[in-house]
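What follows is a single chain, given as structure tokens, in the form predicted on its own.
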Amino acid sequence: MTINEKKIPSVEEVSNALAKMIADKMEIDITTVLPESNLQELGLDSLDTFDIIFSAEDYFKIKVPNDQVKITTLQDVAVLVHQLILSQKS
């Protein structure tokens, strides 16, 4: 599963894709994964969070610098990934 490399997704599209990744990984209902959801409250530990970041890198064809993996919510991840998509496609 990858995204169309020519289209730059909106933050909402990034958030929706990440919500599906989290729901699939944690085997939870996607409707419980909201932008303001705290990743720890969804059951993600630090390894799960890195796994989601790696999945996002593969899906969006980006590289997330290690020093930027300080995130708390789904929205934090979505904004970071969206910014990286914009910076790495320009």
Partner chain sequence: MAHLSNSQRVVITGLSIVSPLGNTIAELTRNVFSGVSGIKRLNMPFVDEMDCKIAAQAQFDPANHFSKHTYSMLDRTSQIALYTSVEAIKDANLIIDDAMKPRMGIYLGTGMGGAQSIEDGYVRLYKEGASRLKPFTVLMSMNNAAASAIALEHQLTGPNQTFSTACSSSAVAIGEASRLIRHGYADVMLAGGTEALLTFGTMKAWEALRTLAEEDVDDIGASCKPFSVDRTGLVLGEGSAMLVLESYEHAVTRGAKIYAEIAGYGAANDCNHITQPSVSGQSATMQAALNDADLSANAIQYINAHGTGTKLNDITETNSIKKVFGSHAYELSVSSTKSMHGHLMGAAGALEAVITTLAVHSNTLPPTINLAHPDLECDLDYVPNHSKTLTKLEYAMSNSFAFGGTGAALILKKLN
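Positions refer to the first chain, counted from 1. Please read these numbers as outputs of a predicted model, since none were measured by experiment.
FYI, the form predicted together with the partner chain isn't displayed, but the following is about it.
A residue is said to contact a partner when one of its heavy atoms sits within 4.5 Å of a partner heavy atom; residue 36 fails this definition for the partner chain in the predicted complex, lying far away. In the predicted complex, the partner chain sits beyond 4.5 Å of every heavy atom of residue 29.
When the partner chain is considered in the predicted complex, residue 24 lines it closely, a heavy atom lying within 4.5 Å. Taking the partner from elsewhere, residue 41 is found to have every heavy atom lying beyond 4.5 Å of the partner chain in the predicted complex. Of all the residues from 35-62, those having a non-hydrogen atom no more than 4.5 Å from the partner chain in the predicted complex are 47, 48, 50, 51, 54, 57, 58.
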